[in-house]
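First, one chain by itself in structure tokens, the form predicted alone.
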């Protein structure tokens, strides 16, 4: 009889375990950048924290490098419920919603401290905009400052005429055109191939992208400009979010807040290290010339004016709030 009861108890315990496992929600999280990029690494940290803080009720699997959805497909996949959560470059959506280009205003916020102040000024209106797109922001994380990669020395726009330039959003395409370059839309995951095949000969990005993609195999010069610190954001489908109970939402948000803070710190720690890696692999890493930087600042001022025209009172309110602090 004891054997029967023991077997019955074991069966009930297994049933309970299976029932608990069945209750766990499995979330796929597409990300656009390589598994070794710090954004992707922090995505894994976030997933682990969510698993811990929800006691396994939400189980997130991270898919880096555009392996589940390509970078340009991620936002729509989350909007339409093909994936519940994911990460994307926020300003990649500025064509659809100009306000989301708040972090690409050249030379407005060029340090991590200033970028955080700008985000605090922008986040309310940005989150309202994203809610209208069926998205909820969980956390954001800045890239290091943006500079220019070339396959030759560049002292001014005289040296950039006709160069094929990889763009990743409206702002970078605008810069390219103003400098006489030819913008070509290329996702980060496809950058190495574009450089190897001559589809692109130049681009603007942080040291992170250059390091991840080993661009020293194709390019020779990096010019520090620190034009802006763009942000990635981790978003969740609004319907999925609102379907969670308050306790689960709080647990996920706790994980998001901690990860966002750690990610920003990691970004700042790596900024100069990336430059060191580019230089150690044979690239010339230097400040842009005064002439080139002056040209960029002139272009940047016009881009900010155009952004304000496109975003109206909301854009002006963001800049006013930023300057007030």
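No experiment lies behind these values; they were computed from the predicted model shown. Residue numbers count along the first chain shown, from 1.
The same protein also has a form predicted together with ligand PCA, omitted here; what follows describes it.
If you check ligand PCA in the predicted bound form, you find no heavy atom from any of 107, 304 and 322 within 4.5 Å. Remark: of stretches 165 to 173, 97 to 105, 111 to 119, 233 to 241, the one touching ligand PCA in the predicted bound form is 165 to 173 (heavy atom within 4.5 Å). Of the candidates 160, 209, 202, 140, 209 is the one whose heavy atoms come within 4.5 Å of ligand PCA in the predicted bound form; the others do not. The contact with ligand PCA in the predicted bound form, taken as any heavy atom within 4.5 Å, belongs to 188 out of 135, 252, 188, 83. For residue 46, no non-hydrogen atom is located within 4.5 Å of ligand PCA in the predicted bound form, even though that partner is not displayed. With a 4.5 Å cutoff on heavy atoms, residue 146 counts as touching ligand PCA in the predicted bound form. In the predicted bound form, just one residue of 25 to 49 lies within 4.5 Å of ligand PCA by at least one heavy atom: 33.
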